[in-house]
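Taking the form predicted on its own, here's one chain by itself in structure tokens.
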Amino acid sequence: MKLRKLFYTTLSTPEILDFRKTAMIYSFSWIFDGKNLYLVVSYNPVTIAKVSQIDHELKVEAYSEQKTITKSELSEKIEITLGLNEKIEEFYEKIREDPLLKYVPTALRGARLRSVDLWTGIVTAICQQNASFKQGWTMLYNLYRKTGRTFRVENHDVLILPTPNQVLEIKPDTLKECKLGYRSQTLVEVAKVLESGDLEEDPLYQDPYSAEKILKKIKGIGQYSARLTLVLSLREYALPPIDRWTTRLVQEAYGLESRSFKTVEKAIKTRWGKWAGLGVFFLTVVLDAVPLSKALLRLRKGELKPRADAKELTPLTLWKKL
């Protein structure tokens, strides 16, 4: 379906913003085409924002099935999605001498986490369960390609995930083709909860600890998936998503005697403060989300800068390869 253009507006950019890096990190080809960023701002009616940078402004064009969004509403959504109001310089001060993240303020200066809606955040987290970077993002890619819907913005096709209700109507064989394994059932369980309206969304925006508990009530959603969802969807960084990969790197970098969850979490929170979750996000980027053995080797060699020209699949090259 081709969406019609509603209007365009402009946003001033903060002093510290690298639009290109922000747009390319963890993007598929239909999200970032090398110049323009395509963001889903509404599922009903489907509304997509095309964002590009012109000098010190962002040009934001709205495309939709219906005219139900205003310029001010769109501007607010884009500001939140791109984290334009986050004081990222405070994060840089925390990590400037950090053994793991010290190159983020230089090699990734101005790059910001691009947040997503709650549903997309949960689906993304499900695909990362007990999976390598390549496995997880291939699963998510398959979901988009095999079950998603396509909308045309000018001459560019944008894929969006099926809604929770649509997931419940997908045939099991189709989900099986996405190669999610046991995660398919978790996806269905989440879709049921969201479709039933049982998920209490308001507390999710008030207290991260309550939000984590609410998400963990969903069958198949554990601590890591809940916290990753909070980082990706709500820009809530207080509770870092910690998996085996992060645990070993933190233990090695900080010389921790124990690799227990509490020990690692305390070390992260002590060093990165309220930016702990964002720190974990950028840790995957600076190390190109390589397997643990390679990540440890790079840490020992001090190779903590991302390789934007890498031939392999990395957070910075997804948009070129998938």
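One-based numbering along the sequence shown. Because the structure is predicted, anything quoted here is derived from the model rather than measured.
Only in words, not in the display: the form predicted together with the DNA, which the text now covers.
Novice: Considering only heavy atoms, tell me if Q206 and the DNA come within 4.5 Å of each other in the predicted complex.
Specialist: Result no; Q206 lies far from the DNA in the predicted complex.
Novice: Contact between Y237 and the DNA in the predicted complex at 4.5 Å, heavy atoms?
Specialist: Y237: no, not in contact with the DNA in the predicted complex.
Novice: Look up in the predicted complex whether S27 has a non-hydrogen atom within 4.5 angstroms of the DNA, and give yes or no.
Specialist: Residue-level check for S27: no, no contact with the DNA.
Novice: So, in the predicted complex, is T81 in contact with the DNA at a 4.5 angstroms heavy atom limit?
Specialist: T81 lies outside the contact set for the DNA.
Novice: Which one of Y144, F133, F91, F151 is close to the DNA in the predicted complex, taking close to mean a heavy atom within 4.5 Å?
Specialist: Flagged contact: F133.
Novice: Identify, from the list A267, I69, V46, L292, the residue with a heavy atom within 4.5 Å of the DNA in the predicted complex.
Specialist: Going through each option in turn, the one that passes is L292.
Novice: Thinking of the DNA in the predicted complex, which stretch from 152-160, 177-185, 108-116, 95-103 has heavy atoms inside 4.5 Å of it?
Specialist: Selected range: 177-185.
Novice: Which residues within 224-242 place at least one heavy atom within 4.5 Å of the DNA in the predicted complex?
Specialist: In sequence order, Y224, S225 come within 4.5 Å of the partner.
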